[in-house]
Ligand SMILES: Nc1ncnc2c1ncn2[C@@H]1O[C@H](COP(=O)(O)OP(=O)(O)OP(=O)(O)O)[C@@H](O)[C@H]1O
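The form predicted alone is given below as one chain in structure tokens.
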């Protein structure tokens, strides 16, 4: 039998976990002239939700990860490259003829695909306006969906990029934007601060953990293919107890539990042995991550692993400002998340810390 659980890549189709409420809301936004702002910690399933929704909509879409963008020139070049991937050069070339600043078109010798570049000193606003105009033209027959992942990175690329993008995007009529981000404080600063150019630009969707009852049904329906229903329900409860319904780590643990049971492990030991195997598999990665941390970060993580939901800033024997700075760095790197409280994102890393330092 094929393992019914998938993690580490975009999850859609039969692997997609029930998010009917969020998917319906996102669909309604995209069926209007409005835009969606999607915020959640990393690995909570933003990309999977969008992929599932777009797959069912059958509409044209273009996606850009802002973490891969290095400059405003690079953003304009990437937009044109993504457009070219959807349409032949002849069609894109027609739009390029109307550019105020025409880019250089070359062929990548490795991929054989055309690439675009702008000359140094090009007016950034004009360059971006022309590039975004291609997207607007492509959406004339039916609105195109444009996804910017890790959108908060615009603040690092150029201090004026938020103002330039808003001035361009607010004039467009043929595009639905989905602006996603994992840095909650930065995303809220962009979309909820009154003085921000993007203040109230779209409808905000905060993606939380999948409700336990929904996740249990999802797990049980798949696990009962390999064991009796009662055992499948018990396994589901054990898995969710450990992962606290974190979408990524729940899929990872369920995948390993399935593998353990296919290998002959009894249901009663399947979850504990699966957890142990995952921690062992990642021991080198966790050790390397730990060795690269400073002493304050280590102290904070040890306290988090020890106290978990009862963690308080004062429990770390460091100045409050130092602990806050450490938490900020750890959240930015995705090691710590703050939902209702501060906690380690990865429950297996949490267990690794407990095993080594408590």
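What you see is a predicted model, and the numbers here were worked out from it, not measured in a lab. Positions refer to the first chain, counted from 1.
Another form, the form predicted in complex with this ligand, is not on view; read the next lines as being about it.
(request) May I ask you to choose, among 77, 238, 130, 150, the residue with a heavy atom within 4.5 Å of this ligand in the model of the complex? (result) Going through each option in turn, the one that passes is 150.
(message) Since only the chain is shown here, I'm wondering whether residue 248 would be in contact with this ligand in the model of the complex (any heavy atom pair within 4.5 Å).
(response) Although this ligand is absent here, residue 248 would touch it in the model of the complex, with heavy atoms inside 4.5 Å.
(request) Answer with yes or no whether residue 44 is in contact with this ligand in the model of the complex, where contact means some heavy atom within 4.5 Å. (result) Flag for residue 44 set to yes.
(request) Give a yes/no on whether residue 342 approaches this ligand to within 4.5 Å in the model of the complex, heavy atoms considered. (result) Contact with this ligand, no.
(message) Even though the partner isn't displayed, in the model of the complex is residue 15 close enough to this ligand, meaning a heavy atom within 4.5 Å?
(response) Heavy-atom contact with this ligand at 4.5 Å: present for residue 15.
(request) Decide yes or no: are 8, 19 and 210 jointly within 4.5 Å of this ligand in the model of the complex, with each residue judged by its heavy atoms? (result) Yes, the whole trio is in contact, each within 4.5 Å by some heavy atom.
(message) I need the one stretch from 36-44, 323-331, 56-64, 302-310 whose residues put non-hydrogen atoms within 4.5 angstroms of this ligand in the model of the complex.
(response) The contacting stretch here is 36-44.
(request) Residue by residue through 159-186, tell me which have a non-hydrogen atom within 4.5 angstroms of this ligand in the model of the complex. (result) Counting only heavy atoms within 4.5 Å of this ligand in the model of the complex, the single contacting residue of 159-186 is 182.
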